[in-house]
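Given next, in structure tokens, is a single chain: the form predicted alone.
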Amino acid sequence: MRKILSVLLVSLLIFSFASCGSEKNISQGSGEENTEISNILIVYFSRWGNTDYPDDVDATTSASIVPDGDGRYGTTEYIANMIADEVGGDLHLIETVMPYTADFDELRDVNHGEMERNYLPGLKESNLDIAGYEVVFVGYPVWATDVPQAVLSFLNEYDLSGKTVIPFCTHDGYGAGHSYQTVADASRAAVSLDGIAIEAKDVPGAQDTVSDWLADIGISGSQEQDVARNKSIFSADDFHVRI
């Protein structure tokens, strides 16, 4: 009898440890009412990957570029990676079929034209399975006080209804504009949490600001780095201009 009880006790302990080990160290909520989140996606639009830039683009003359060591990155991408460092999750760049012009004045005219016509640019095909995520961060540079039309293309193509959606953006001094409401409406999210808007010049030193924001909205996670994820993000091709 004693032997049987011992076997049962050991089995119970093994089951308990296995259950604890399978839990993700990510939670949503505030105070003592945090709710476990199974998967996080950090999706963002950037001029990098959507613009044919010359190789000699000068990062020091553009507010959209963050020089970091030997690499240069887009401001929105930089914040996206800060979020990933804090809470984990997968990163996904929104890519348009047709690239945008590298000339800023021409880009402004193109964007205004897209907005006036409610034009949704086509996106490159992707194997992204949105159904596997419960929390989706949506990042973008603010264009004409709102989201770029490519972000609306993404929100129109992928079903985010029933999910928690969290906007984040970078800007040149005019804030988030109408973009938070646009994301909330277009995503048809079940919950839309408070976003964050970071001026481009403040992006390099924004880690504490991002950390405080995530804590304020009740999103927290493990600080451990996913080595495989980092390798896929920072490949050799990434050491170019990202805007």
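Note that the structure is predicted; figures quoted are calculated from it, not measured. Quick note: we count residues from 1 along the sequence shown, nothing fancier.
Another form exists, predicted in complex with a small molecule; not displayed. Remarks below refer to it.
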{"item": "Interface membership of Ala200, the small molecule in the predicted bound form, 4.5 Å heavy atom rule", "value": "yes"}
{"item": "Gly173: touches the small molecule in the predicted bound form, heavy atom cutoff 4.5 angstroms", "value": "yes"}
{"item": "Non-hydrogen atom contact Val142 with the small molecule in the predicted bound form at 4.5 angstroms", "value": "yes"}
{"item": "The small molecule contact in the predicted bound form: Leu107, any heavy atom under 4.5 Å", "value": "yes"}
{"item": "Options 152-160, 108-116, 121-129, 82-90; stretch whose heavy atom lies within 4.5 Å of the small molecule in the predicted bound form", "value": "108-116"}
